[in-house]
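What follows is a single chain, given as C-alpha cells, in the form predicted on its own.
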C-alpha cells in the first residue's frame, strides 16, 4: 500500500486570498477621472464633484472654480451675455517678465483676463454679473480688471440693473504698479454711483479674497455673502502676526470669523447661493415707470 501524500487534504490555494489584510485596497481609477479632497483626503470622481457644484460631498470643502463653471451654476441656462471680452492687459510700465506671465496665465486658465463680466438672468430676474478667475494670476486686479468692473457698474446704473459679483483675488497686480492701485478708487466710484441710483449690489466672497480687492469693491456691497472657510482680508495672517508680534486666534480672517464680527451678512454653501440670490433679486425689483 502506497504512502498518502502529506498535502492530500490541504485547501487549494486561491489567488484571490493572497492579499495583505493590514492594507487598504482600492480599485485602479485613471487619475483624470478623480481628484483628492485637500481637506478630508477622500478620492472623489470628477463627475460626482461636478454634479455637487464642485463641493466635496464628504466634508463640504469648496474647490476653486473658474468663471465659466460659476456662471453655469448660478446663471439661468443660456442667459449669460459677456461684455468687454476682448480687453486684455499689456505691459504698460515695462515690468520685467510681465509679458511672459500674461502668456502663462492665458495658457493656464484659457482666459484673457482675471474677470468675466456680463448680463444674465438668475431665477428669471435680470442682473449684471462679474466673476473673478483664480486661475489667471490668482484673480489679481490690474487695469483691465478694474476697467471691466467699472464699465459693468456704469452699464448697470444706466439700465437700472442689480449687480451680482463673485470675488477671488490675491490683491492688486504689482506688475502694473500705481495704475493697478488706481483701480481701487475707480471701481469704488462706480459702485457708489450705482448705489446712489438706488440699485442693488450683492457680492459673494470666495477663497481667497484679499488685498486691494477687499479694500475696494469686494466689501462695498449692500449684501455681503461668503462661502464657507474662505480666506477674506487685506493683509495675510503671517504679515499681521509679524507686524503686531502677536499670535492670531484660530480661524482668523475666515468666513466664519468675519461673520461673527459682523463683516459678512451670511455664509452660504455653493449649492444654496442661486436660491438665495433669486430671492434677493425678487425683493429688489423696481416698479415699471
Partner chain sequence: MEAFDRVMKARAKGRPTGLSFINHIFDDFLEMHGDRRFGDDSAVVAGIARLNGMPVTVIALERGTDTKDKIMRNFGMAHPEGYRKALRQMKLAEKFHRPVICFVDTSGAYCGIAAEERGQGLAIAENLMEMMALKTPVLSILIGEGGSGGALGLAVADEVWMLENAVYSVISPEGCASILWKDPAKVREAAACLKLTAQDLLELDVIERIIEEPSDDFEEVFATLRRDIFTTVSQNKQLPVEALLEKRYNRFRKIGVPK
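Numbering follows the first chain given and starts at 1. Here the structure is a predicted model, which is why all the values come from computation and not from measurement.
The discussion below concerns the form predicted in complex with its partner chain, not included here.
- Proximity of residue 147 to its partner chain in the model of the complex: non-hydrogen atoms within 4.5 Å are present.
- A residue is said to contact a partner when one of its heavy atoms sits within 4.5 Å of a partner heavy atom; residue 219 meets this definition for its partner chain in the model of the complex.
- Though the partner is left out of this view, residue 191 does reach within 4.5 Å of its partner chain in the model of the complex, counting heavy atoms only.
- Its partner chain in the model of the complex comes within 4.5 Å of no heavy atom belonging to residue 41.
- Residue in contact with its partner chain in the model of the complex (any heavy atom within 4.5 Å), chosen from 85, 181, 111, 73: 181.
- Heavy atoms within 4.5 Å of its partner chain in the model of the complex map, among the stretches 160 to 168, 75 to 83, 92 to 100, 114 to 122, onto 92 to 100 alone.
- Residues are counted as partner-facing when one of their heavy atoms sits within 4.5 Å of its partner chain in the model of the complex; in 225 to 254 these are 233, 234, 235, 239, 240, 243, 244, 246, 248, 249, 252, 253, in sequence order.
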